[in-house]
Structure formats: C-alpha cells, structure tokens
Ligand SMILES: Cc1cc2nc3c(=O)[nH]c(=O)nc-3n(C[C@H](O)[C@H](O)[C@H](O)COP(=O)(O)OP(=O)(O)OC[C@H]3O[C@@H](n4cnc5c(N)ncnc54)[C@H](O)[C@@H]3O)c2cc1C
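Read the single chain below, which is given as structure tokens and is the form predicted alone.
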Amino acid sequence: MAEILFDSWFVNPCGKLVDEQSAEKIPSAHQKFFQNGKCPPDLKAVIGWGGIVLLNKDVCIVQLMVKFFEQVQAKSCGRCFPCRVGSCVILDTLRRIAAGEGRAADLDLLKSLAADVRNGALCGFGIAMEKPLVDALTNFKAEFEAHLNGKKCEAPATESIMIAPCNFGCPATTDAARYIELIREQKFNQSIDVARAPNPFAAICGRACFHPCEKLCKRSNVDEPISIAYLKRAVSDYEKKLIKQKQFRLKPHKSTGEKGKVAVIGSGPAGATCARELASWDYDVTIFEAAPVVGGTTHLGIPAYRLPRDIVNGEIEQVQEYGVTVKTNSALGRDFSLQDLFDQGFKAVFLAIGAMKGKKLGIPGEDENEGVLDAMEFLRRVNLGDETRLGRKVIVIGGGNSAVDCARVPLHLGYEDVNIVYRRTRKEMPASPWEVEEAEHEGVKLHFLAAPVRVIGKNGKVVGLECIRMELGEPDASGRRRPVEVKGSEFTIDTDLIIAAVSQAPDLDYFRKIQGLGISKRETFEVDPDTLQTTLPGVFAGGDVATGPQSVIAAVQSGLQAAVSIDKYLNGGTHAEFERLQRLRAIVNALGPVDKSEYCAGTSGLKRAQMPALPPKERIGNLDEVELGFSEQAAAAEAERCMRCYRIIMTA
C-alpha cells in the first residue's frame, strides 16, 4: 500500500508535502488506486502532462525533471522551433541545476521558457510539457534551491512512454494518434499497419466500435472529437481496394508451429486476436468455430447493414495468413471434448465462445406462444441468411445497441411496423445515440417509460404485448434511476413478433459438467484477472465469456492478454513492452487521461466530417451497408483536425 505524499495531477497541489490539511483533498480515485495495492509495489513517482504524484520523499524532483525532459527531447518531432529549441534549453538548464552549476535566475527562466513553448508549439506535445515543470518549480522550490547551492542526488530509475489520450481510451491501446498522423500525410498503407498492429479486426472496429477513444480526444475541448473510428475504416477501405486490385502486400511471418499446439475455441475478436498473436510467435494454432461461418458475434450478432459479411470474412482470412487453421462447424461439447483436445496434443486451450445466449423476458405468455425470440436468435437467423418473414409488426424490448439492431433489421427487410419498448427514458438508453437517431429516421417508433407485462396470444401465436407505464425513481446500482410501475397504466400494442433484447450470456451448459472448471455467479468463467487462466491447468478464457457482454475492442484486448499468458505458460515467453504498457495504462486511467481545464491550441471552425450514408428510403427492402465511408480526400481533411496530443508519462 502506497501513500500519496504530493498530488497535482489535474488538481490543486495537495498532500502531506504541501500541508497536513490538504492531504484530505487528494481525489478518492487516486487514493483508491495507490492505496489499495493496485499500483506497482515499487512505484515512487509519476510525472506527466497532468502534473506530479509523489509516493516516496526520497525521489529527487530535480533529477526526475531532468529524466522527464530527456524523454521530451528524444520524442520531439522537431518540426516547430519553440518545442525543438525550447525543450533543449530547458533540459540544458535542468542539467546544470542538477549538477550544482545553476543560477538563481534559472528558476524564473525555466518558467518563462515553459510558457513560451506552450504558447508557440504547433501541437499538443509541446503544450503538455509545461504543467509538470511549473508544478515542480512552484511546489519544490526548496529542492531546486538546494541544488543551486551544491546539493547533488542520484537520478532515479525510470520508465516512460510517449502516448496520446485517445490511445488510452482504446482497450487495446491502439496508436490512433499515429495512424491519424499517417492519414494526414496520405500514407494509407503505413496507417493500416499501425491500426492492425494490436487489432486484427481493424476493419470491423472501423464500422462497429463504440469508439471510447473519441471520449478522450482533446479536440473535444475545442469543438468536436476527431472521427477516429471512421478514419480507421477509411484506411481499411483503402486496404480492401488494394486487395481487390491484387496490390495488397500483406506477407506476415507464417508460423513454423515449433512452439507447440494451441486450440482456440471461437473465431470472434478475442479468439482471432489470440490466434494471430500466438501464430506470429510460431505456435501451431487451430481455431474451432461451432457456427458454419467465422467471426463469432461480429458475424452472427451484428447486422450486415452495419458490418458487411465480406469485411468479417476478410479479417479472418488475414489471420489465416499467419498460418492459423480454422475449422467451422466444430463445436466443443458436441463434436469433441476438452480432454480430446489435450489427447490430440494441444498444450493449451483458449475458450473464447462469446455470449450468444439471449435471456428471456420472464413474463406470462412468453413460452406458450409462437413469435417470441431473443435478440441473438433473431440476429443469428438473419445473419445466416434466413430472411423468412415472421410477421408484419415487431416489438423489440430493450434499450441497448442490440435492441436497436433488432429494430432496424425488420425495417430493412420490409416489415410494416416496428416498435422499441424501453423502461427508462432516451437519456438512459445504453445504445449509441447516433444509432437511435438512425433508427428513428428509418421509421422505428420508440416507447419510453414502458415495460412488458404479458405476451398476448391467440391460437398459440403472438398477437400483442401488454405493457405498463413507468416512472423513474431513485438510482440503482448502475447509477441510472430505477423505473417504477405506474399502477393502472397498462396498455396494449398489436404485434406478431416480439424480440427480447434485454441481455445475453455465454452458453455454459457443456462446461458445467467439467469437474474443476470454475463458473462465477455472473455466468462467466472464473479466471485470473492478470493471466486469464481458468481453474483448470492449461485452459484460459477471455472475451465475453470471461467478462460478460462487452465491446469488440475489449474482446481484442482480452485476446492479446491471453496470448501473452499462454506464451508465458508454455514457454516462459517475455513480453516486457506489453507489460510496461499495461502498467502505465493502469496508472494513467486511475489518475485521469484528460481534463477539461487543459490548455488547447487547436484551430476552431474545422468541422468534424460527416459520414455519408444511404438515404433512409433506399435502405428499405435490403441489408446493404448504410454508411458509405470517407473518400481518401475527406479522410485526410478530417485527419488535419488532429492536434497531435502526444505526451510523455514517466514513472520512477
């Protein structure tokens, strides 16, 4: 457990080194991370764009600033004079002070130089260096003066990384800032390489990611965030064009298989990512996919109008280029057992089966009448090509993205009347706001503050749904206000198809029979959070089956983590860079990657690019892709809006 002695990370300086009373002002999120054993045990200090956090009074703040500006100098692109020359002068001045050769005027000089760099730098990198330096000079003046009078200290051991806030927003820590920079330079080939480095599903994420990276985009402090996900799609579309023209140059290292056999159960984002990584390290990897198609939830659970099937298939084909074998219609528990895999020489198994089992509504009439489906079953049918009309009128229960998908698909297939029934208000809907707006444009009717009570049937078939009005009460565990029934407010909606999009879970029926395999109360596998190993030796699990339903990009990160753990387990593999990134990522996310108070030098007036789309009338009767993608020129123009918010994070 570590005690925060000084904290200025996006807060007014506080902690015991300021005064005893201010220690109470340390943000609770900071205290929770550093005092609950979640931070590295040998961590002494953190320094970066948000300020300074000091955990050990023996760390020399002067030497720490020297180390910090050595990294600033090493990572500066050198394109603008203030950053290139200003940071060099700052570093030289700090080195003189640390060596006992400084002058009293140097302290004011450093503050002045930092302000000049901030005001003159052409990107966020130069701007970000000011705050930690000013915090150090202001709050540790006595330490600097001691060095002016001859004090000398040893430099602490440090590790650091240059990264942008948007990168921390991505669970897989994709270097979004770098691939955007390459788009701006119209180097699309190099850009897609950066986007794919941690993520074999880059083209999918360009279409079906909820882009948490954009929530941390500093451009939001000026106007609107960069269209990070759409730019990823732009370079993946460029890649697709090259493939069609037979100009694509992907020639990855093909696995020799010499490190041993690994079985991956499921070809979704977690499974495919893990397989690609292990194959690149010379494992003989086989993916076993229960469905007749590849891609897992991305193929079976996302409609083609959002994610065309050729995009999904193309992602898996690229994974296969690494030497990965894919076997479809091969279900664990139906066609083979876990023990069979080990008997066949597989040394480790990664369970990435997703969460494709929909949950029921739990209301009268649900099981007695034909015409009630869960969301995953409905989407699975459609995505496997079964477009059999199940009625004319549809009601979807739920407020998430799956609910919106289940509402938009029937309209695209020509159903007459589609309704969403949601028990809270629009504000509380978990679905992406832009998806809800598109559903409305296409004709979906939204019924807020309403909940299903009873399925109404006639001759064994659904003919309606009885609902009741709701009102919002006190917040529940999710932080959203709890819906409460309004007595006597029942009403009925005519329908012949009800789709329950209330939740989903992994199908664990087979796994319950395996002795020693732990299953949590949340209906997921019990796994070690650091290694993703289950309670069985050699068996790992990740993605939705370990966490519950999450995003595509979160599953990708799970696949990366599993691959590292499996390599360590089988061959003692070392992955220092991956582990360093995870350590620094955890620290920054605990402190906060961005703050609205940060100074920005972005140029306002450059409007965020709008995604061109099919007109609503042209979407009816087909599942053609709705969003048409940026042209290369539009992508380069949108990339110009990026403020290049790279910055240094360093720990001692």
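Note that the coordinates shown come from a computational prediction; the quantities given were computed from them, not determined experimentally. Position 1 is the first residue in the sequence shown; the rest follow in order.
There is another form of the same protein, the form predicted in complex with the ligand; it is not shown, and what comes next is about it.
Shown alone, this chain has one stretch from 309-317, 79-87, 96-104, 541-549 that lies within 4.5 Å of the ligand in the predicted bound form by heavy atoms: 541-549. Comment: the ligand is not present in this chain, but in the predicted bound form one of Ile161, Leu446, Leu300, Met429 has a heavy atom within 4.5 Å of it, namely Leu300. Checking Phe210, Tyr415, Phe342, Tyr305 for any heavy atom within 4.5 Å of the ligand in the predicted bound form turns up a single hit: Phe210.
Although the ligand is omitted here, in the predicted bound form none of Leu5, Leu17 and Ile47 has a heavy atom within 4.5 Å of it. Residue contact check for Ser402: one or more of its heavy atoms lie within 4.5 Å of the ligand in the predicted bound form. The closest non-hydrogen atom of Ile265 lies within 4.5 Å of the ligand in the predicted bound form. Interface residue remark: Glu277 is not counted as part of the site for the ligand in the predicted bound form, having no heavy atom within 4.5 Å. Remark: Ile353 counts among the residues lining the ligand in the predicted bound form, judged by a heavy atom distance of 4.5 Å or less. Shown without its partner, the chain has Gly268, Pro269, Ala270, Gly271 in segment 268-285 as residues with a non-hydrogen atom within 4.5 angstroms of the ligand in the predicted bound form.
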